[in-house]
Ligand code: ADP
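The data below hold one chain only, encoded as structure tokens and taken in the form predicted on its own.
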């Protein structure tokens, strides 16, 4: 029996995964503990997503919701149009077997089965392919991860890196569109971990959607996007991108301090000549940076989009605003703002961020000066 198409055809504009209002509360002897506190996000087909956060932040609980291993207290997880909380245990097992590949930190290969048998088993359990096709497919997958020569060995007879590669091949056995890997390189040396990560990157190029939980900051920089979970909540990815010099704990602290703001199309956010009182990070929309001139039309010197920031110039230099910032036409803007006192404290506590902001400031000053000299009016 040939493998069925597990999910609707991938559409880059339609989310593969939609998470809405997701909460998880555990009852403990000490009282209720909120592991996840209301998560909303979307993941699209073909994305390579890293889930990061310090130990105890809630990332493992979040992954358990995506894989159906655990159930939410409230909220929904929809994958390919299927609401996972709406499935009973039998339906969940059937759905997971056809649509999801899971790679565990500790491999979870059955020790009494050879590597090739470990790959054949999920195809048998899910009634996919004929008997001859199953072995041929298993060998093909082992060949893809350079383990064909080890196919008839037991897991205990090969290295940890080889076991993990076999586990990845097993996750592909039923040709799922989605792979979830929970700390898959946590027990491997750096060279083997890099090889495993490169394998995941190739799988994404081949059309898979991959979500990987990792504590490795270098690996997190190699994914398409990161989801930072702190205290059971997702830190806005554009906030994390703008403040990438901060560590997880610093980002989580900043996320709790920022003030969310929204502005309509054409609205002025800061005005040239005013005293600087806030640092802004653009979470959605687009803004225009405009220099007002004593004579002549204002000059558009820059446009900023999601994940970029402004307002650092006046705060770092203790000067007035050097430009006007307004929302671009046909856009609205969502921002996160830090007041001057919080900004100063952040720069003092994270010198690397201060250096990053200073470099950006110097680059912008040069670019703004060059553009203003051209005299092109703002559009």
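Numbering follows the first chain given and starts at 1. If you're wondering where the values come from, they're calculated on a predicted model, not measured in any experiment.
Just so it is clear, the following notes concern the form predicted in complex with this ligand, a form of the same protein that is not shown.
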Task: Contact segment among 338-346, 324-332, 47-55, 306-314, judged by heavy atoms lying within 4.5 Å of this ligand in the model of the complex - done: 47-55
Task: Distance check, residue 67 to this ligand in the model of the complex, heavy atom within 4.5 Å - done: no
- [ ] Could you confirm whether residue 43 comes within 4.5 Å of this ligand in the model of the complex, counting heavy atoms only?
- [x] no
- [ ] Please run the contact check for residue 35 against this ligand in the model of the complex: heavy atoms, 4.5 angstroms, yes or no?
- [x] yes
Task: Contacts with this ligand in the model of the complex, stretch 58-83 (heavy atom within 4.5 Å) - done: 58, 59, 60, 61
